[in-house]
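As structure tokens, one chain now follows by itself in the form predicted on its own.
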Amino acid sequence: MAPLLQVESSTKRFGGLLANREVSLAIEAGEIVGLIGPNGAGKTTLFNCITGYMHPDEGRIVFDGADVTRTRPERICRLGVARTWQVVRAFGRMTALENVVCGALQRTNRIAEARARAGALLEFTELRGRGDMPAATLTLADKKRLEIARALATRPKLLLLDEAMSGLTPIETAAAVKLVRRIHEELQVTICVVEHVMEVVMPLSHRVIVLDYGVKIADGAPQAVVRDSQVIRAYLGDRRAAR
């Protein structure tokens, strides 16, 4: 069977800067894939190209058999790709419930059905009791859960999480990891996670892909990736890699 997502030699330039250079990868249905790399490695740019907020200058992106290389974000979302953002983008003046209703309306034009879906997802993401609160008043951890709930409301096949655990306390991070596992196991959603914390990504991911300066330098099982000399050099520098 073809992969759920296939990125073929995707290149994205910003003037003279190559943010992604001939990046190729595949994500199979049912996987949790970690996408890691130092700051500026091109991870968010790749997410932007996959979801249609940017278009690659070269290469091709195929999702669930459809070429989405030049497709608009709302169309890609309807095909089954949802995402969260590196900087939380909740609608601050709207309630938590209304934020999730916005996602649910991607799949239905019935307000009652959208509200029911949103309420169930607030419960699933452990935001019960916060539905009537303005999103701006939520804690950072709850805002990140709210973004996940809104993304899930679109009924995705593939969920892209862009640093959904950054800035959280260790207890909040552990709860977020548990939520990601529940999404994968109970909702059967394929997941790609961008995170900087190795201790989070490695135990969570079935496979890890590493970008450095816009180039894919590793792709494999977590145990193999952490021993890869190129990965060690990218994170720790030449001297530490040699040691």
Partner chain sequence: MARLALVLGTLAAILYPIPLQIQGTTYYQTVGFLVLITAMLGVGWNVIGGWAGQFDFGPQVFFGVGAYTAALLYVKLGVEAWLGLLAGVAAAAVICAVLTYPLTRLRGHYFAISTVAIWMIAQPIGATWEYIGAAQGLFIPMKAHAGIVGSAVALQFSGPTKALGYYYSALVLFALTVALMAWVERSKLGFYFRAIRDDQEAAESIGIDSRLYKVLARSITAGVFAAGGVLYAFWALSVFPEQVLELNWSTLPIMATVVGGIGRLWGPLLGAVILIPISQIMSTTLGTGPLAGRGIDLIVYGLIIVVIAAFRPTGLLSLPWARWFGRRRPAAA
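Positions refer to the first chain, counted from 1. It should be emphasised that the depicted structure is a prediction, and the values quoted were computed from it without experimental measurement.
Below, we refer to the form predicted in complex with the partner chain, which is not included among the displayed structures.
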#### Entry: Exercise: R83 in contact with the partner chain in the model of the complex, heavy atom 4.5 Å
yes
### Query
T108 near the partner chain in the model of the complex, any heavy atom under 4.5 Å?
yes
### Task
Look up in the model of the complex whether G119 has a non-hydrogen atom within 4.5 angstroms of the partner chain, and give yes or no.
no
### Message
Contact with the partner chain in the model of the complex for E98, defined as at least one heavy atom pair within 4.5 Å: yes or no?
### Response
yes
### Query
Among the candidate residues L138, L127, C77, M165, which is the single one with a non-hydrogen atom no more than 4.5 Å from the partner chain in the model of the complex?
C77
### Contact test, all of F91, G103 and R150, partner the partner chain in the model of the complex, heavy atom 4.5 Å
yes
### Task
Can you check 170-178, 188-196, 66-74, 25-33 and let me know which stretch has heavy atoms within 4.5 Å of the partner chain in the model of the complex?
66-74
